[in-house]
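The chain below stands alone and is given in structure tokens; this is the form predicted on its own.
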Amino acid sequence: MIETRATDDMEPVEDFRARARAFLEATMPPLGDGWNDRSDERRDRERELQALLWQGGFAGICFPKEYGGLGLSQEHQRAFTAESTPYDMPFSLNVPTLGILAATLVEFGTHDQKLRYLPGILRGEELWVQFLSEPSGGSDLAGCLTRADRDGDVFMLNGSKIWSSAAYASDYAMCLARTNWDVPKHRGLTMFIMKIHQPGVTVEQIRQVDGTLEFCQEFFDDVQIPASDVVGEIDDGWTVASRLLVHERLAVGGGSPYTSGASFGHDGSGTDTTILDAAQEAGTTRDPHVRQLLAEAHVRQMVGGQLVKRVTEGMASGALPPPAGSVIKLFGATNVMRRSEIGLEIAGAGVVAWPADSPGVAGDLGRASLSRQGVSLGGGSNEIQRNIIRERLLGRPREAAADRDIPYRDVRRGGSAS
């Protein structure tokens, strides 16, 4: 984790907060309906919002100055987030572009890669996505079958990735591919930067149960990737992927120092405003059982906020190791599931059917419930987070793995071997 604590030569946090408050009030539009719209129009709008942050000098608060950021601390980022809660922000850039992929590039990219890509990201000109999961892989990310074979100064990429959020509308990806079949599976992977829309790449959108088409599957047919676009070292992509997943767990759990804007449904004080709005819409705010559910949602949000602060500060200081991000991720995932259950119970029949032109809060909760399981899977399932906590935080023995020390070409598996 990059050290981002405030130092004496930095602008005082309260001075920065005051500047941010004035900028936000004068520049950014208020938060309104449509923040969770995943349309192309909304995505284009968020690029514009990110450009406003850049022009105002508030983009990339914790990113290094050398590459277009402000080089400030997590305290500065938290102050900006608190002040920005009432305003419309470029939320779709947070995950995965800023909080996951740009953060990984800061740690593993070459100087030239960071100079080339980070300023464009911070200006809102480039959306990034991760190409990690594969159709045959399940949760076994290291069981990667997409291959990259070197041919002089380029690698030839062949294979397929899946569950890539908004890949069709994104510009670049970090793609994990197998470059060595003669070593155990974790030691023969390489991470690449790749342009998505280029010859040999086919992107297909997947219709989800809520009717959206955000998830994608990609097919690669002799896609050329320059060797200069390797992130980290050749055959050491697992090191990069592992850190990428740390950033993903922090970003999904609300603890990334690289993202701006509060989590939705959270007003900064711990109150889940979406659920409260549902109770007000249903006229049940004085019902004792509903009030108990609202209190539970409120407490869960407050606990989550304190957990994020405690873990991120511990990781920044070195008191906690990077796998501690799994604690935030696991709590966040289980909290989303429980809050969804509370919202459905409070909203009642309105979550089952609603007018197409005016779904109201209940309709919004109903649609959100269809994808609530996603946060339990992105960045690794809850079961994977529990294994990480057990093995890497609590020091318990690792689970047995029959393929741990076997060259990957000799491992029995589904799909094409090589």
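We number the residues from 1 along the sequence you see. This structure is a prediction, so every number in the text was calculated from the model and none was measured.
Below: the form predicted in complex with a small molecule, not depicted.
*Asks:* I need to confirm a contact call. Of G56, P29, G374, P359, which residue comes within 4.5 Å of the small molecule in the predicted bound form, counting heavy atoms only?
*Replies:* Of the listed residues, the single hit is G374.
*Asks:* Would you mind picking the one in F215, F220, F108, W238 that has a heavy atom within 4.5 Å of the small molecule in the predicted bound form?
*Replies:* It is F215 that has a heavy atom within 4.5 Å of the partner.
*Asks:* Mark F131 yes when one of its heavy atoms lies within 4.5 Å of a heavy atom of the small molecule in the predicted bound form, and no otherwise.
*Replies:* Looking in the predicted bound form, residue contacts with the small molecule include F131, since a heavy atom lies within 4.5 Å.
*Asks:* Does F331 reach the small molecule in the predicted bound form, with heavy atoms at most 4.5 Å apart?
*Replies:* No, F331 sits far enough from the small molecule in the predicted bound form that none of its heavy atoms falls within 4.5 Å.
*Asks:* Report whether the minimum heavy atom distance between L49 and the small molecule in the predicted bound form is within 4.5 Å.
*Replies:* Flag for L49 set to no.
*Asks:* Against the small molecule in the predicted bound form, would G363 count as a contact residue? Criterion: heavy atoms within 4.5 Å.
*Replies:* No - in the predicted bound form, heavy atoms of G363 and the small molecule never come within 4.5 Å of each other.
*Asks:* Only one of 343 to 351, 183 to 191, 196 to 204, 134 to 142 gets a heavy atom within 4.5 Å of the small molecule in the predicted bound form; which is it?
*Replies:* Stretch with heavy atoms near the partner: 134 to 142.
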